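Next up: a single chain in structure tokens, the form predicted on its own.
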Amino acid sequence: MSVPVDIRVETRDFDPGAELAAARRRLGGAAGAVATFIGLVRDRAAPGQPVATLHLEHYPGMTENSIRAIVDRALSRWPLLDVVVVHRVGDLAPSEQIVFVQVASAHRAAAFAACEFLMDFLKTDAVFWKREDSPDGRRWIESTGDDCRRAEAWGDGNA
């Protein structure tokens, strides 16, 4: 059985309610759990460092392929029924939605774990270039040490 996977990289905002409704239509009664994560743009990079805008760039095709590789790793670990990953690019202001991950499975443990796994690896392995714009200037940012430790903790050697 092929698991429906929807990966989108786009500038427009997403509607989490519409994403859940679409998954429920696709799944019928097969799923017992759907776990979601919505990431928002923070207004501070660190204490005392305000962020006016977060700018994300990507390389079409390469970015989607990097996300698909992460999703494939999740599919090999958990019995998933449906996966949706939406990541925004362009200029985003604080409090705007930046990423949406939705995972369905027959049971909650797999849905929760796969959702967390996907987010941990989106932070480290997905091909995006991120820049914070603040009153003090522009700064390109990379995965943090905490992001890398979280990904490494999954123990699959791909972080």
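Given the structure is predicted, the values throughout are model-derived calculations rather than measurements. Heads up: residue numbers just count along the shown sequence, starting at 1.
Keep in mind that the form predicted together with a further copy of the same chain is not shown, yet the notes after this line are about it.
Trainee: Since the partner isn't included here, can you check whether a further copy of the same chain sits close to all of R73, V84 and G155 in the predicted complex (heavy atom within 4.5 Å for each)?
Mentor: Not one of the three qualifies.
Trainee: My question is simply whether G137 lines the interface with a further copy of the same chain in the predicted complex - judged by any non-hydrogen atom within 4.5 Å.
Mentor: Because no heavy atom of G137 falls inside 4.5 Å of a further copy of the same chain in the predicted complex, the answer is no.
Trainee: Is G145 part of the interface with a further copy of the same chain in the predicted complex - any heavy atom within 4.5 Å?
Mentor: So G145 does not count as contacting a further copy of the same chain.
Trainee: Residue-level contact is defined here as any heavy atom of the residue lying within 4.5 Å of a further copy of the same chain in the predicted complex; does G39 satisfy this criterion?
Mentor: So G39 counts as contacting a further copy of the same chain.
Trainee: Consider T53 of the chain shown here, and say whether it contacts a further copy of the same chain in the predicted complex, taking contact as heavy atoms within 4.5 Å.
Mentor: The answer is no: T53 has no heavy atom within 4.5 Å of a further copy of the same chain.
Trainee: What residues in 117 to 137 sit within 4.5 Å of a further copy of the same chain in the predicted complex, counting heavy atoms only?
Mentor: M119, D120, K123, in sequence order.
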